[in-house]
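There is one chain below, alone, in structure tokens, taken in the form predicted on its own.
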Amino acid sequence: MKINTRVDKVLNYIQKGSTVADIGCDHGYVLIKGVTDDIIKSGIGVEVAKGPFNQAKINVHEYNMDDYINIRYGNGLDPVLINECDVCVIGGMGGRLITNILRDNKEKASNFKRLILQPMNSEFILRKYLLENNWVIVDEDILIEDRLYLYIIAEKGNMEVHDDFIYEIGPVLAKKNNSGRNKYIKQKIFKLEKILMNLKEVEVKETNKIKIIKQAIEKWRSYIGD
């Protein structure tokens, strides 16, 4: 079984005895290792791509997990019934798509006790949706491998937002001070500085846009630890 640190990172946020829905389960390794390690009681893996779907079914059978893991073909939360699982894992896709999955099946999503989300981009959109729809972000973490992987952990509740920039940095990451968080911020600054440079090189006047980008860069810099 090709287990990587991303699988272990997800399992760190799952309480022992949980029933787990893994949306976009790929080859099913999160569920398989979770059951093997006695963390996950039972699981449902959902996959919309035929290749990974078929491989996940093969893997579940080869590891004798058929009584514990059910792999279903379908889109988002559609194949999962309300209250079938208490934890939902969605990762390996854009934040906009994760947001759409949660929004399109809002009633199902609201019945999970915990969401473990790993957006590949557009985390602003995802955080904004969560915090505006009765979710509290209880933890955020950065895993550095071939790229940065962001993890957002949410549970039901309410969280007040006094500054829209919190959707960018994240309410938990804003309070952390570690190398992963700082590298995440520096990457954001680098991208903004690149946009700023390109704007300055064009003849078209973008004075207001330049001002906004400069303000964003300074905001990001204010969070970098010593």
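Model, not experiment: these values are computed from the prediction. Throughout, we count residues from 1 along the sequence that is shown.
This protein has a second form, the form predicted together with a small molecule, left out of what is shown; the following refers to that one.
Trainee: Out of 91-99, 123-131, 152-160, 137-145, where are the residues with a heavy atom within 4.5 Å of the small molecule in the predicted bound form?
Mentor: Answer to the contact question: 91-99.
Trainee: Could you confirm whether Pro52 comes within 4.5 Å of the small molecule in the predicted bound form, counting heavy atoms only?
Mentor: Yes, Pro52 sits close enough to the small molecule in the predicted bound form that at least one of its heavy atoms falls within 4.5 Å.
Trainee: Hey, in the predicted bound form, is Asn111 touching the small molecule, heavy atoms inside 4.5 Å?
Mentor: Close contact is absent here: in the predicted bound form, Asn111 is far from the small molecule, nothing within 4.5 Å, heavy atoms only.
Trainee: Any of the heavy atoms of Val60 lying within 4.5 Å of the small molecule in the predicted bound form?
Mentor: Val60: no contact with the small molecule in the predicted bound form.
Trainee: Is Ile23 close enough to the small molecule in the predicted bound form to count, meaning some heavy atom within 4.5 Å?
Mentor: Judged by the heavy-atom cut-off of 4.5 Å, Ile23 is in contact with the small molecule in the predicted bound form.
Trainee: Though the small molecule is not shown, can you say which of Ile40, Leu173, Val46, Ile69 has a heavy atom within 4.5 Å of it in the predicted bound form?
Mentor: If I apply the 4.5 Å criterion carefully, the residue I get is Val46.
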